[in-house]
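Take a look at this single chain, the form predicted on its own, given in C-alpha cells.
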C-alpha cells in the first residue's frame, strides 16, 4: 500500500510508480478517498528491492506491506480510515437499518410504496426490495424488470436509498442505470467471482454506490468471505458491507444456521462494516427481533430486515419471515438503545449532532 506525501500522485508520478512495480509483475490500483488517494500494490509485495525503490522516491510518504489473502480489506489497510455513508447516515456513527419486502410484486405496487413509507416512519435509513429473485425451483417466481421502476419510485417518494439484489451483468447494468445505490450480492452468488469482478469494474468510478455482500450458504473460512469482497474492492471502490445471513447445514427449526456470532471475528480481520440479515438466518418472523438484537450485541454495524405492510399478502419469503412495520419500529428502538450502550462514544457523537 503506497501512501504519497501529497493528497494524490500526479500523472507523471503514477506512471513512474506503475513502471517500477511492473518490473516485479505487480500492478497499481488507486483507491480514491474523500481526503486522500492511496495506491494498492496488486501482486506479491515481498520483494525488498521493489519496496526500496519506491521508498526512495521523494514524493512517497511510506509503504505499508500487508501480507494477507486480502490486502485491501485487511484491517491494517489504510482504507480502515474511511467512512461509508448510506444516504444521510455514516456507518459507525449510527446503527444502519435497511428494511423492506423480500420481493416487489409488480401486480400490486402499492404494497411496496406503503411498506417503503412505513419502514421509513419506523426509523429505517434505506429500503430493500427484490426486483429479481434467485429460486431453487425453476417454476417459482423469478422477479420482473417492471419491479425496478416500482423500486425507484419508492426511492423518490421516500427520499431513501434502495438496496436490491443483482445476479448477472445485465441486471447490474439495469440497476445502475436506474439509480440503485446499494447493490446486493446474494448468498448464491457470493463466490461468483466473475460477477464480483464485473461489479467492481462497474462501480469503480461511482463512489455513491455501495455493495452489500452476503455470506454464501456453503462458505467455509471467514477469509474466503473477506477475499470475495476483495474482488470488488480491487477495482477501486471500497464501499462494501459484509452481510452474515445464516449458513448450512441448517439448525433444526431455523431456515439456516444463524451466524451473527461471526461479527467480532470479521472485525478482527477487516475494517469493513458488518450488516447482519436476521430474516434469512432464522426464516421466521417471530424469531427476527431476538436474532436482530443478538447481531447488535455481537457488534453489528447494521441490520437488513425483511418487512411488509401486510406480510401474508406478500410474495417470495414475506409471508413467513417479514415482520410488520409496527414490529420493526419497536425493534429499531431496542436495537439502537443496545447499540448505543455498546458504543457510548459513537452515541455521544450522534446526540451532539
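Nothing here was measured: the structure is a model prediction, and the numbers come from that model. C-alpha atoms forming the largest set that superposes within 1.5 Å between two forms make up the rigid core. Residue numbers count along the first chain shown, from 1.
There is also a form predicted in complex with a further copy of the same chain; it is not shown, and the following applies to it.
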> Each of 15, 274 and 332 near a further copy of the same chain in the predicted bound form, meaning some heavy atom within 4.5 Å?
Replying inline: no
>> residue 314 versus a further copy of the same chain, in the predicted bound form: is there a non-hydrogen atom within 4.5 Å?
In response: yes
> Heavy atom to heavy atom, is residue 162 within 4.5 Å of a further copy of the same chain in the predicted bound form?
Replying inline: no
> So, in the predicted bound form, is residue 231 in contact with a further copy of the same chain at a 4.5 angstroms heavy atom limit?
Replying inline: yes
> Just to confirm, residue 268 within 4.5 Å of a further copy of the same chain in the predicted bound form by heavy atoms?
Replying inline: yes
> Of these, 90, 250, 108, 145, which has a heavy atom no more than 4.5 Å from a further copy of the same chain in the predicted bound form?
Replying inline: 250
> Taking a further copy of the same chain in the predicted bound form as the reference, which of 174, 152, 262, 204 has a non-hydrogen atom within 4.5 Å?
Replying inline: 262
> Of the listed stretches (175 to 183, 206 to 214, 231 to 239, 112 to 120), which one has a non-hydrogen atom within 4.5 Å of a further copy of the same chain in the predicted bound form?
Replying inline: 231 to 239
> Using a 4.5 Å cut-off on heavy atoms, what residues in 277 to 305 are near a further copy of the same chain in the predicted bound form?
Replying inline: 282, 284, 287, 290, 291, 293, 294, 297, 298
>> I want to check residue 309: does it shift between the shown form and the other one by 2 Å or more at the Cα, with the core superposed?
In response: no
> Does the distance between the two CA positions of residue 264 reach 2 Å or more between the shown form and the other one, the core being superposed?
Replying inline: no
> residue 117: with the rigid core matched between the shown form and the other one, does its Cα shift 2 Å or more?
Replying inline: no
> If the CA atoms of residue 100 and residue 251 move by 3 Å or more in the predicted bound form, do they move toward each other or away, so closer or farther than here?
Replying inline: farther
> With a C-alpha distance change of 3 Å or more, do residue 76 and residue 52 lie closer or farther in the predicted bound form?
Replying inline: farther
